[in-house]
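Take a look at this one chain, the form predicted alone, written out in structure tokens.
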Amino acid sequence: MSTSYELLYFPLRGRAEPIRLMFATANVDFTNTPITNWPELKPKTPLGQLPVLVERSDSGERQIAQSMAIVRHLARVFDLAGKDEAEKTNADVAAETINDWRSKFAPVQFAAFMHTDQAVIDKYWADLPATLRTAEGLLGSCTWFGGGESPTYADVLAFDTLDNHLSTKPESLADFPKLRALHDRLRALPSVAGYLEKRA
């Protein structure tokens, strides 16, 4: 029996979307299970939070919590962590930088839910060009953040973040062609394009 995967998360993109994109990038099938009975399921999860990845194989079943632990696990399993130590380190640096960026964006992206003050939102957009310059600096002249010829988990995180910005402000990447090109490259991968066509 080969390993099968089931992703448990609420019926929205949120913290689970980079995980779904990892499966798409690796062209690996998984079962996406929207959780609508959270109070009932919560005590049965490892940390009382979602997402949770359920892996089933000949050796049994295990549940993995924490979105970034899941992403990094899949990166290792699917060979999306980098081909050598240099690529792995480049990907890790980029991923941590992108995660810092994602944390700053969350109060803007979910402003209505988080009751974010307008001043915080305005400051975020004013500061965004500096954040994008930092990201482009890490990418440099490379095709992918790892510096190799194939994408890593850092590129998946970057894609999701860039995609959310383009959905919110389509003009936000106008002055950052390298990041826009990276977004378009990942989007053009057949398995990713197929996933995005079906995405709700």
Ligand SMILES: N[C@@H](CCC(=O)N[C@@H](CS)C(=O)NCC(=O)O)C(=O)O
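Given the structure is predicted, the values throughout are model-derived calculations rather than measurements. For every residue, the number given is its place in the sequence shown, counted from 1.
There is also a form predicted in complex with the ligand; it is not shown, and the following applies to it.
Asker: Using the partner position in the predicted complex, report whether residue 170 sits within 4.5 Å of the ligand, counting heavy atoms only.
Answerer: No.
Asker: Is residue 31 close enough to touch the ligand in the predicted complex, meaning at least one heavy atom pair within 4.5 Å?
Answerer: So residue 31 does not count as contacting the ligand.
Asker: So in the predicted complex, does residue 15 come within 4.5 Å of the ligand, heavy atom to heavy atom?
Answerer: Result yes; residue 15 sits at the interface with the ligand in the predicted complex.
Asker: Is residue 42 a contact residue for the ligand in the predicted complex, using a 4.5 Å heavy atom cut-off?
Answerer: Heavy-atom contact with the ligand at 4.5 Å: present for residue 42.
Asker: Please identify, from 129 to 137, 160 to 168, 145 to 153, 47 to 55, the stretch that has a heavy atom within 4.5 Å of the ligand in the predicted complex.
Answerer: Heavy atoms within 4.5 Å of the ligand in the predicted complex occur in 47 to 55.
Asker: Since the partner isn't included here, can you check whether the ligand sits close to all of 10, 38 and 67 in the predicted complex (heavy atom within 4.5 Å for each)?
Answerer: Checked in the predicted complex: all three residues contact the ligand.
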